[in-house]
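Next up: a single chain in structure tokens, the form predicted alone.
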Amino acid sequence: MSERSDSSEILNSLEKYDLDISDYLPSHSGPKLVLNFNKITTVSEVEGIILKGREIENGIIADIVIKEGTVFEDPIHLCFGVNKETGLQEIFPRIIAEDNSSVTLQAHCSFPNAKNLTHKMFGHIYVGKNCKFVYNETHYHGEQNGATVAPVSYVYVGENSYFENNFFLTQGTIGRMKIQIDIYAFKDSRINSNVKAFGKNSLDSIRVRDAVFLEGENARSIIKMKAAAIGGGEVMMFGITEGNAANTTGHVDCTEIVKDRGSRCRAIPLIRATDESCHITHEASLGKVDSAQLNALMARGLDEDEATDLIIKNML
């Protein structure tokens, strides 16, 4: 079987998120790395961006370096997937953005056939001074609730840098997922972290711990977490912000919709300040869909389930 056919099913799942599959193919000239289980099927670099991978028994150790002063407009494309039904995949990404660089990483993790599959990730991201770094990660876990996924990330954001994290798991089934991300923000840095997840049945369980530690003066952050649980699904969101330096500002915003008997949504905001000049806030809302929106859509001919689905999809 060719490397292309090995990865085709994984790559095709990109279309569920309106991502262009051609960006991940060998013919595309941009920077990219495609992994199927523990085999690198595609890798390419461009000037100013280093992409290296070392295959290990159950996955890969990946090193990505954005060289000092590199400003790259198009995304770096990463695809880590498994098309098998069972097994264990382990990913160890180490990412460095050197000073005065600007880049976007588009990562996609796909397990379209998962029945009893485990994916673990332990990653580090180091962002230098005066950088702009955007990390987009989308997941697809198939339709059989057969994935167990546990990514852990530690992010360090340097002085006067902007870091944006976007994590989406809204298509297909979740299975069991536990996410942990710790972001350490230093002087004059800005953090924007967004998580969206959709639990659709009683076998879907997702827990997210999204934490920002404002360690440098004038650092600012916002965490936005949006989720829905229907059909017995479970979602738990921990949003953590600590102000540990002068004039830091942070906010945690969590919105969750719950529908159907047995479904569960929980939000746990935790905020902490260690300096009197900090301003750290939180807001959380859980419950049914907005009745005004629901009635407006039903007045236009949708039934209650169709209207609810549309509202949830719009939120996510």
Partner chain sequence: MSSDVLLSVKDISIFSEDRQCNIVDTISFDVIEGSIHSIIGPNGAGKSTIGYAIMGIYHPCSGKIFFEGENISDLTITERAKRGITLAWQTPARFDGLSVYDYIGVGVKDKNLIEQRVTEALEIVNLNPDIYLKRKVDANLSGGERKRIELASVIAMRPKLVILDEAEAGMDLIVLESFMDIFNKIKELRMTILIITHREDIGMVSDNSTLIWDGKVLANGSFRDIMVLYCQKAGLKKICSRTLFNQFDESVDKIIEEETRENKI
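Please read these numbers as outputs of a predicted model, since none were measured by experiment. Positions refer to the first chain, counted from 1.
There is another form of the same protein, the form predicted together with its partner chain; it is not shown, and what comes next is about it.
Each of Gly301, Ile311 and Asn314 places at least one heavy atom within 4.5 Å of its partner chain in the model of the complex. The listed set Lys200, Lys226, His139, His77 contains one residue whose heavy atoms approach its partner chain in the model of the complex to within 4.5 Å, identified as Lys226. Within 4.5 Å of any heavy atom of its partner chain in the model of the complex lies no heavy atom of Ile21. Put simply, Leu297 is close to its partner chain in the model of the complex: some heavy atom of it is within 4.5 Å. From the list 285 to 293, 49 to 57, 33 to 41, 261 to 269, the contact stretch for its partner chain in the model of the complex under a 4.5 Å heavy atom rule is 285 to 293.
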